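The form predicted alone is given below as one chain in structure tokens.
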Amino acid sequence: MSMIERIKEKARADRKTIVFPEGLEPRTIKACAILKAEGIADPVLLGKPEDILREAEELHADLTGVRIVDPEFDAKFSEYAETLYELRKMKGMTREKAAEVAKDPMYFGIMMVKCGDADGLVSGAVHTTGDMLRPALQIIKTKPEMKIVSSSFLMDCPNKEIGEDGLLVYADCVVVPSPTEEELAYIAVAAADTARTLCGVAEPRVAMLSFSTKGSAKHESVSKMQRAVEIAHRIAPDLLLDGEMQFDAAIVPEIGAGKAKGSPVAGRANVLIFPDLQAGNIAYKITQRIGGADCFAVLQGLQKPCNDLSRGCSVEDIVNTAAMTAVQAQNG
């Protein structure tokens, strides 16, 4: 069974409610029909029911049992608007403005998650990452122990001898362009938690990557990763985390033993933290396109899960992301 199928099985075992603000988007409608039919999640589509049902009929998508909510006319609208006002009034939000903003499906969906009427949110088939992340940070906020929202890419590689039976978790690949050493440390801790709770990795082993292994090169960017290691050890002293190290030293046992003798991580890493977004983004695409890995992305660090899609996503991508969001919700 592949990693994503295992995640879907987890989702089915404790089904969660996932809200989709882009309710009229054709791929999203098809995905919600699949999610309901296969028992992966209980989807909620936001938008005008008559428009969504008309689109579903044209798509031959069976939305039987799928909840459709028109934000402006939902019974919870006034409650959400008032809650939004209370949350944002110190930032200049008025009740009138809150009532207007709450009509926006993205904000309404975020409020559903905030108020416990949905367990997670998935968007991005139409909207940008910022369109979702901005209200999520304003309303749901980061976990108390986490100072930053970042991403992890779950790389399910054909070579099962690397990582955790072929699984490597890459971070951060899409959110934070130039993380500070403190941000790198929090990204590492979050990625380890993603590996543990979402992928079922019993023992995350985190490598902080560089072009240097254990001081083999001298440069400020190397020193930055070394400082990130120190900070991560303070934040999560029980986490198996080491660095700085090169990619091959992190995942190849023979090279790890030679370059980082005695390291609890070298040669055995299953979570890889890149020094910046350029490196992470390039690496995941190389692993996907040349290495033949299946690739799945999630956001991490929010108090409740909200995940972003590529605007070029497929129906299958939406189903997979919803399943991962549901499993994240299971783990609080």
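Everything numeric here is computed off the predicted structure, so don't read it as measured data. All residue numbers are counted from 1 along the displayed sequence.
What comes next is about the form predicted in complex with a small molecule, which does not appear here.
- Under a 4.5 angstroms non-hydrogen atom cutoff, the small molecule in the predicted complex lacks Leu240 among its neighbouring residues.
- Contact between Asn281 and the small molecule in the predicted complex is found at the 4.5 Å heavy atom cutoff.
- Using a 4.5 angstroms threshold between heavy atoms, Thr83 stays clear of the small molecule in the predicted complex.
- Although the partner is absent here, Lys48 sits far enough away that none of its heavy atoms falls within 4.5 Å of the small molecule in the predicted complex.
- Partner proximity in the predicted complex, defined as non-hydrogen atoms within 4.5 angstroms of the small molecule, places exactly one of 147-155, 219-227, 189-197, 95-103 at the interface: 147-155.
- Between the options His127, His233, Lys76, Lys141, the residue in contact with the small molecule in the predicted complex by a heavy atom within 4.5 angstroms is Lys141.
- Distance criterion of 4.5 Å from any heavy atom to the small molecule in the predicted complex singles out Val175 from the list Ile251, Val175, Ala260, Leu167.
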